[in-house]
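Provided below as structure tokens are two forms of one protein chain, presented individually as structure 1 and structure 2.
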Structure 1
């Protein structure tokens, strides 16, 4: 039976960062990285750019073979985890093989969540989570004219933009009243929505899909909305969010809520098992409660903490909690948000709508959220001000008037 002191199941940002931090402390312990993918590690975030043709599929790999050799880590592609026996410390794969581990990282990420829409199993639809999905969508785009996208989140909007730019007639159906819900407030979203509308994309906000049915012998489909509208699609993309890949953990004793529950050190409830990245449900910085925040910065931070814990690195620090971050480009423009950028109510909000739009959210004279459209800012600096709960009382006027400059100043002072 193959075995590894450190077994990493998954190969994206969290697992790669865990690899790095383990090797930082333990250069020798045997290590293996298993992935369901055929390819070397890549980021799901790159996929819309593969769809648009901007990134060539062969050029998106984040690590080469030499990296794994240099880091003394066996890279095992096409290894789909099927079950975990936490007592025997083995992971069983779909191909029948089993891997024994001493310390295990669950970093299996997330998979598209398919909504329970009537007829969805009878039609052909696309998702966008793997490189195959991306190349498949790209080639389908070339032979399609009418696309319907379910969901106006990041994946849905990126794909809608790509398809609109490629000349397709695109409709986006979203249950919520605005695009990118949660990340942006209504005013910011409206700027984004106007850009899409201006580029010929039809947005069906506040609309719910009730059924889909095949047409043309399965070559296209009809999308029925709750209000009776029917959209024709020869390309249907389902982008209604993702859910953590945890089915293989059933019966293992690993505690799973929406994702794998982890503590501040990314430990699961089972000895010798850590989890990080999109699969993990770690504490949310704002609420202090476990939450899914499936973005690269949290995956990287969780991966590092998990790796340090796995290697017994004494310098491991507790996870401070995830902060949502969104850096979004649409039609060449910029929309950024961090923290509780769309919050209202018990917070102090300063909006600035002049050429660019920005929304600064303060609570108790501390920054808790920041969003902008057409007006870039240093997202990392604002994130650090949020994380450190830096008291802005003395600089509040300057911060509201000139947030980028003042933010740079504050962080420069902090780093002294």
Structure 2
């Protein structure tokens, strides 16, 4: 039975950062990284560029073989975790092999969540979460004319943009009243929606899919909406969110809610087991409650803390809580959000004739959220203002008028 002092199950940003942190303090302990993927590590954020053809699959890898050799880490692809025996400290794979560990990191990420729509299992559909998904979607686009996308989140809109630019007729169906509802308010989303409709994409907002049925011998399908509309598609993409990959932990004793529950050191409730990244349900900075925040900065921070803890690094710091950060580029434009950008409260909105939009959300004169469209801002500065809960009372008017300049001045004074 193969074994490792440090066993990392998963290969994206959280696992890679944990590897780096472990090796910083323990350069020699045996280590292995297991991944269900067939490729070396890559970032899910690159997948839209693979779909569009701007990036070749072979050019998007985050690490090469030499990296794993230099870090004395066995990289094991196509290793799908099937179960965990926490008492025996072993992870069993679908191929029947088992790995023994001393310290385990759960970084299995998330997988597409397929909605319970009647007939969905009877038609061919695509998802976009892996490199194989991206290459498969790009291939399908070449022989398709009509695409329907279920979901107007980041994944769905990225794909819709790529398909529209490739010449397909694209329809997007979203249950909520505006696109990207988790990141932007309705006014910000209006600007994004206008860009899509301006490029020929049809948006069906406030619409629910109730059934899907195959047509043309399974080569196309009909998407039935709740109000009776029927959309025809020879390419169907399901982009209705993701769920943490935790099924393999059933019966292990690991506490799981929406994701794997962890404390401020990214430890699970079982000794010798940590979790980080999209699979981990850690504390939310704003609410103080366990939450899933599936973004790269959070995965990196959690991976670093987990790796330090696994290696007994005495300088490990407690996880301060996750703050959502999103950068969305569409049709040559950009939208950004941080914190509780879509929340209600003391809200200041600025709209410009050139289409620029800014939304500042305050609570007790402290910044809790910020969003903009076509008006880039300093995400690092705004993040520090939020995390430090800086009192803006004395400079509120200046901050509302010139948030970036005022924020930078405030933080320069804090850092002195």
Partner chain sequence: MGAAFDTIAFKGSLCDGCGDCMTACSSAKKGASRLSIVPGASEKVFELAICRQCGDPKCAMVCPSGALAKDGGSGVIGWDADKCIDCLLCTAGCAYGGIAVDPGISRVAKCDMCDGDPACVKSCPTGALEYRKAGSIYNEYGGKEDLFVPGLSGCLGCNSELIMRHTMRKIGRNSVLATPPGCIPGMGSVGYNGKTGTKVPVFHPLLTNTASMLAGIRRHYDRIGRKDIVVMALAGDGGTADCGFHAVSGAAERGDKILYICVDNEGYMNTGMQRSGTTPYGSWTSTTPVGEHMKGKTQDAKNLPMIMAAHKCRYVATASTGYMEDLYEKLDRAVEASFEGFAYLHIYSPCPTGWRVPSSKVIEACRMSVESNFVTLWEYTPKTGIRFTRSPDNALPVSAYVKMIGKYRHLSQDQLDHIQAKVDEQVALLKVMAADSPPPPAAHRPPAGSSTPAGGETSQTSLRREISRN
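We call the rigid core whatever largest set of C-alpha positions still superposes within 1.5 Å between the two forms. The structure presented is a predicted model; accordingly, all values stated were derived computationally and were not measured. Numbering follows the first chain given and starts at 1.
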(request) Of structures 1 and 2, select the one representing the form predicted alone. (result) 2
(message) If the two forms are fitted on the core, does residue 28 show a Cα displacement reaching 2 angstroms between the two structures?
(response) no
(request) Superpose on the rigid core, then tell me if the C-alpha of residue 65 is displaced by 2 angstroms or more between the two structures. (result) no
(message) Rigid core superposed: how many angstrom does the CA of residue 355 shift between the two structures?
(response) 3.8
